[in-house]
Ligand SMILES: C[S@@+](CC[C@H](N)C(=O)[O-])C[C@H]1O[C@@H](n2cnc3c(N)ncnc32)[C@H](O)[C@@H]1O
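A single chain, nothing else alongside it, follows as structure tokens in the form predicted on its own.
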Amino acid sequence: MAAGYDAMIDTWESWSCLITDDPRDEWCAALTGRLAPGARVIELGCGGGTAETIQLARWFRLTGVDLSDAQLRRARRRVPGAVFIREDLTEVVFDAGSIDAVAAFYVLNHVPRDLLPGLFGCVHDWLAPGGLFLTALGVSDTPAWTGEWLGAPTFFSSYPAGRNRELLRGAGFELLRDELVTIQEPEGPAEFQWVLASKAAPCG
């Protein structure tokens, strides 16, 4: 994945600009509207510093996580106020209860789906009580797909929407918003499951 996104950095940005109905701005606003200024936020798979990364860094203490060196170099230039670390998002570690929100835009469908339960559990552990998790998940029943995409090797894996919900709830999340959204990618329609979830505060 790292080599693929190193190679396609410019191609991906040109490709993504052709998508005019991407709801990520709306969902990012739904997240940021619930956070206090200065909240600590993690963006998993931050890429080269998209508009959402810039927005998150403007108001919050943002740490971006990505495997692609080329993407991270670009993100550091675009968003100098954030911290960026090169790490596998399935292996990165943050202190328990130390994070106010975690965002993952269109990246978890690059994670082998059998690793999602553990990853959701880690995100839940990182979050403070009442912390928020925003993500866009694939919804096809795809155990593993490896091939060329945008001129570079890549990997996709995902569960259907119902299984995603089960895994998130099993990790301890309350689903605040859960919607299936179809967007028009250059190759045709693509469906994603957008979820805004919270770590419930302990009783008492």
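As the structure is a prediction and not an experimental result, all values here were calculated from the model. One rule holds for the numbers: they count along the sequence shown, beginning at 1.
Omitted from view is the form predicted in complex with this ligand, to which the following refers.
Check your understanding: residue 68 near this ligand in the predicted complex, any heavy atom under 4.5 Å?
Key -> Residue 68 belongs to the contact set for this ligand.
Check your understanding: Does residue 114 reach this ligand in the predicted complex, with heavy atoms at most 4.5 Å apart?
Key -> Taking the distances in the predicted complex, the answer for residue 114 is no, it never comes within 4.5 Å of this ligand.
Point to revise | Contact of residue 47 with this ligand in the predicted complex (heavy atom, 4.5 Å) | key: Contact check for residue 47: yes, within 4.5 Å of this ligand in the predicted complex.
Point to revise | this ligand contact at residue 94 in the predicted complex, heavy atom, 4.5 Å | key: The answer is no: residue 94 has no heavy atom within 4.5 Å of this ligand.
Exercise for review: Counting only non-hydrogen atoms, choose the one of 38-46, 175-183, 137-145, 161-169 that falls within 4.5 Å of this ligand in the predicted complex.
Suggested key: Heavy atoms within 4.5 Å of this ligand in the predicted complex occur in 38-46.
Check your understanding: So which of 126, 84, 120, 105 reaches within 4.5 angstroms of this ligand in the predicted complex, heavy atom to heavy atom?
Key -> Going through each option in turn, the one that passes is 105.
Practice item. At a 4.5 angstroms cut-off on non-hydrogen atoms, which residues of 84-99 are near this ligand in the predicted complex? List them in order. Key: Residues within 4.5 Å: 87, 88, 89.
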